[in-house]
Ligand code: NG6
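Just one chain is shown here, as structure tokens, and it is the form predicted on its own.
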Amino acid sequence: MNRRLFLCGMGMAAAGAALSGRAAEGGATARPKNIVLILADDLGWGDVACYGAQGVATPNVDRLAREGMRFTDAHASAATCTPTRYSLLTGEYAWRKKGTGIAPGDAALLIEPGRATLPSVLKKAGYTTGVVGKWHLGLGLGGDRIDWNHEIAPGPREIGFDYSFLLPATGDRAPCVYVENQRVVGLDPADPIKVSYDLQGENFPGELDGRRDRAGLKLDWSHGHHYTVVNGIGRIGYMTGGKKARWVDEDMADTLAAKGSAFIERNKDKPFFLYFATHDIHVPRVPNPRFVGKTSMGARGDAIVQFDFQVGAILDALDRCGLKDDTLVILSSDNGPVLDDGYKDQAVERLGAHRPAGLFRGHKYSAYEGGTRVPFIARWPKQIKAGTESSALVSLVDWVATAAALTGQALSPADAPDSFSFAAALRDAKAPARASLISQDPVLSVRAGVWKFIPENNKRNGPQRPDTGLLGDPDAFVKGGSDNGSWNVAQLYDTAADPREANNLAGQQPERVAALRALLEKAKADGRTRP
């Protein structure tokens, strides 16, 4: 093999680290008094103004970028939500653990108590830990063994969170209730909740069903979201009971913003870590009336504005408490963007010139860059120079190692097997982070330096929607289609020279393909990538 050919374009040191499974760990830096991680849902690279969006104003996200550092090569670890969230909290690629695909609403807790997690690492360092927002990592023992009418355990508490206020799964899945400190909020004992993902036919007796009662829905479904009906919207899964506890979608952003702000204010006099996971801009997109019409893109665009409001609420809480200067705030997204994800909300029809993934090909569910390359902004006024930009390759799986580095802790060999610290990159915009990364959905792909390798496969690269035949078209997602592919050939792209991944170089560079394939296979065989 022509090793020199493989090294070209990666840099000798970075390529050596990639081939050995090592990357720059990042030296120790000053410890932040507080850490806030804001994770959007389905927010694409091109969905915020500071990354190029022109059809929507995002002043609070832009403020973070203006006052901090904007990363240009940051990635979710998967092109779907549950795997990314699992990786973020454990430091382990989710594809290593069976059952970490998109979780149903009655899934068991996917993270086993007792292992090192992002909150447990920070709790060990003396931080009070809290999670507010979308969870989607399972609760309790799963299925019929979850009793939604009593304490639901194990849950966030058992993996390191002192406080939790959650959507158990997603806004489009039953149960449609909030769970605070592992109990359903506002539950009437006389109206117990039952949840099922196994019913055949219609919903529980006496409950609305999205197929039978479709004519009365206030938001119609396009596919998949036609089972239990809550707040006039069909969901995935079945639910009965808990009428007083059910959320109102239009109030969700305000509820989460208030809970996140209250956590900050309650803990302002001691170190804290807040994982603030918004529901926006995931479906169903039902923004509060005060955000409706704020963009020309309909509900999806208005949901971006609503997301930005929540970012502002968290930043305002830090300002009120005098915590801005010594709090590390990082904002990112769990995967790339999606338009029609199950509801007829005109996301396709009203897209206009907006490009949700920016200049990149792909989207949620896709192995292309647009599926995982996401906004990633860090602000820490005492340490990060305002208005800076970093091209360091980072992944959300790196959070555990970064938290350990920031707090002066050494991870054990068994902890966070795929996590590398980006602490040095926070201190120095020119510092590297990791040399390579693996992305998930629908297949495993690998980035090493600028090079992207997608193995041959016989699966479609993302779900095929019935309204498009635009397979493999880099502009398909922008046009309203889905940009899928079905190949039995390998793909190789130079993401620097060809960010749209339009020119497959695999046939021209077989040695590079072989090297990247070997890198991927080694990561699988070793069970870890962190040395």
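Here the structure is a predicted model, which is why all the values come from computation and not from measurement. Each residue number is its position in the shown sequence, starting from 1.
There is another form of this protein, the form predicted together with this ligand, and it is not shown here; the text below is about that form.
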| item | value |
| --- | --- |
| Non-hydrogen atom contact G140 with this ligand in the predicted bound form at 4.5 angstroms | no |
| Touches this ligand in the predicted bound form: S390 (any heavy atom, 4.5 Å) | no |
| Interface membership of R373, this ligand in the predicted bound form, 4.5 Å heavy atom rule | no |
| In the predicted bound form, L167 touching this ligand (heavy atom, 4.5 Å) | no |
| Single option in G224, P432, G358, P271 placed near this ligand in the predicted bound form, where near means a heavy atom within 4.5 Å | G224 |
| Answer option from R300, H136, H363, H75, heavy atom within 4.5 Å of this ligand in the predicted bound form | H136 |
| Stretch from 118-126, 443-451, 364-372, 305-313 whose residues place a heavy atom within 4.5 Å of this ligand in the predicted bound form | 364-372 |
| Complete contact of T80, I102 and N335 with this ligand in the predicted bound form (any heavy atom, 4.5 Å) | yes |
